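Taken one at a time, structure 1 and structure 2 that follow are two forms of one protein chain, written as structure tokens.
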Structure 1
Amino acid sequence: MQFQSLPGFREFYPDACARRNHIFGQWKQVARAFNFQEYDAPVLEPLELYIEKSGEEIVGQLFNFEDRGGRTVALRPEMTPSLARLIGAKANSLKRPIKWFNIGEHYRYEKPQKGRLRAFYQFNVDIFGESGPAADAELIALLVQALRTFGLDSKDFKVRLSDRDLWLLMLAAEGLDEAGSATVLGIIDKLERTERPKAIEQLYKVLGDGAEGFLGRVEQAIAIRDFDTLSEFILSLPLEGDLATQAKQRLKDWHALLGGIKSAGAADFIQIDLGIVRGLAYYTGFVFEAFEASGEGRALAGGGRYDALVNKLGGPEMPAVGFAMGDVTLVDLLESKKLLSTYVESPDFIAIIGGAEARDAAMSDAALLRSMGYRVDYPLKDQGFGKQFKDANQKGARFALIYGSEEIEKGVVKVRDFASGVEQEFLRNQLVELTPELVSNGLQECRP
């Protein structure tokens, strides 16, 4: 019987695993640089947690089952509900702002295809306890940095920035109530992939004869790419009283957000684009998605504000903003831009062993160097010198430790620096003292 891995699940051979760890390392480093703290949460959760957040239809896309105790459970498809629970449970004792991140595997039962698997890693970054746009700016700056750290620049990706609050104001100006707004936002979210007549048909159900004119105004809004035009557009909306005040305040928030992003050096990566709505109902303010600039490929990351979710999942009122970045589309992009190399680590030392007696000496020295934290290897079976040197080279060793009968007799080991070709004998009983200097400087050609 031949076994294969399950569809959409990956196996990581050492080179792939090293590459994955490199990506995690970069993510982690950026999160640390922004002073976010790492947390973790269970991979398996009660199914109800996800239904509560996203509704029954979610179940079709979950790895869910009944455990032996009769509990209905699911592998986590995302981190946010677990995180919201963690936050909610200790909300009153956590110092704010709460800046947390996680890197973990997530699972969705979907048909695997390009950029999308059933098991994937996500970099989740969130800020809780700060409702002002400074938090959104901080998070977007981190998102941009988390992509730039791989060598991607503003020609490679953009962060499209939108705002559900502005949309709600625009829709209020159109006379839509809350329910109507929700429906229309869903349509706007998909506008990019919908043919125009079809969109009008969908809008007609909510707006009647005004659908086509409405769509025109929506398209006008979506085309806006700079703040001044956006500002003008919003101020020209037929809003009165409280709504007009809200609109002005919201523009101030936009101004602050864009200012913050600019100060963080991320302005080149931002593209105002109200076409981004993000289908999820729980988003409440600014929303954003990082996209490959070419327009090809899937979203690299997505996020936004979700001020109501912690409360909805049983916690106190807690403003929140966060994003998630997946590893699958990121690796696709980095590969296409040739920004990934090989990350397998090479040994510091490989012993070249002349015979049985030499083997004892080599193993004893290897044990010593290993205990000092150096990466040391030696051949597990006796082989000719030529072959051993060849192998040492292929493994990328920095130094050869040569143990032949002459060296053993003298109580030394001959060290060869593969980079310079220089060899020097070291007294074996002085390895502890001499090795740090050797590793930091290597062996150089001696000049008189």
Structure 2
Amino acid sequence: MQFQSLPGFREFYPDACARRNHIFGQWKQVARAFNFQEYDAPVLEPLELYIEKSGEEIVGQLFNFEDRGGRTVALRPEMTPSLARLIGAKANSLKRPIKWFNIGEHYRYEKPQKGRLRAFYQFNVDIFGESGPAADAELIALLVQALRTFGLDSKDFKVRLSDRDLWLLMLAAEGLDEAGSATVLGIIDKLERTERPKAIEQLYKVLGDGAEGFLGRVEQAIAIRDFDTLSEFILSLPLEGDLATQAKQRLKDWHALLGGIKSAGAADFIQIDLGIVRGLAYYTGFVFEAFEASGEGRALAGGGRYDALVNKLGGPEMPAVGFAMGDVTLVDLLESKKLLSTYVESPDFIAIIGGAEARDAAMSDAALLRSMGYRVDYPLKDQGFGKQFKDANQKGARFALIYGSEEIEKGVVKVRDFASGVEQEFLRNQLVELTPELVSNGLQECRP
């Protein structure tokens, strides 16, 4: 019987794994350039952790079961609840701002489709302990850089920026209470995928005869693309007293955020778009999603501010902002742009061996080079020189270390640089000493 992987799960053969590792490497490089520290958390968590964060409706989307200890558990669908738990447990001893990142696999029991699988990797980046818009700007700048590092530019993707605080002010101007606002925000979040008559029908349950007029005002807000127009729109709302003061302060926060993004060189990638609401109720301020510039396909990344979650999960009050980027939609975009090459993890050196005595010398030198961190390979059985050189080329080796009877008699190793075709002999006891220069400069520049 031939077994196959489960629906929505992927195998990574060496070529696919090399490509995946390249993506992970780029993510890590960007995160570290912004001075974020890497962390990890269990892949299996109490089911209650996700219910507390997202509500009972999340259960149907999870791989969950009862373990042998009678505990109800789930494979993690996202990292944020685990992260909030970790931060909350040691909040008093962590130096702020806390800047952490993670690359890990996540699981959702959903119907597999393009851009969405049941097992997927995410790049999670978060800042805790900073409530001002500078933290939001830092995260958005990192997100932009993480996409740019793959060769994408402002013609390829946009980060759509919105604000749940502004939406709450707009809904307060409509006379909606907290419960009504939550319901309406859920409807607004799905407007792009909802036919207009259906949206009016949904809004009618909350707003009655004012539903269609309200939807028109929502559509006006969603169409705004520049800060000046946004300011005029917000200041024109019928807000009084404390709500009017909150609106003016929020516009100052917007001005600071956009200024920070511009200073970071990311302004060309930002698009104001109040149509982004982020349906998850724990978001509390600025929210954003990265999309292909055409607007097609699923979001490349999404996130925002979630200042109340750490406290909700049992920790202290702790402002937080973060985003997650999935590997599935990113790979789809990079492939469509022909920006994802075939990545092969090639050896630095391959030994070409002629005879038993030569094999002993080759294995001894290989052990030394491997201990220095170089990738070294050699044939595991005796082969002719022609076959060995062919294999070395196919594996993409940079250098050949040639051990024939003449080389063994003279106590040397002949090195061939496949890039230049140059060959040169080295005393074997010099090889380890000269290897760093050899790898850095190639054979033409390296002299014993």
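Owing to the predicted nature of the structure, the values given are computational and were not obtained by experimental measurement. Between two forms, the rigid core is the largest collection of C-alphas that superpose within 1.5 Å. Throughout, residue numbering runs from 1 along the sequence of structure 1.
Structure identified as the form predicted on its own: Structure 2, which is the form predicted on its own, differs in this respect from structure 1.
Co-assignment to one rigid part between structure 1 and structure 2, residue 252 and residue 372: Considering the two-part motion between structure 1 and structure 2, residue 252 does not move with residue 372, as they sit in different rigid blocks.
Rigid-body rotation angle between structure 1 and structure 2, smaller part relative to larger (whole degrees): Rigid-body rotation of the smaller part between structure 1 and structure 2: 7 degrees.
Displacement in Å of the C-alpha of residue 411 between structure 1 and structure 2, rigid core kept as reference: The alpha-carbon displacement, core-superposed, is 3.8 Å.
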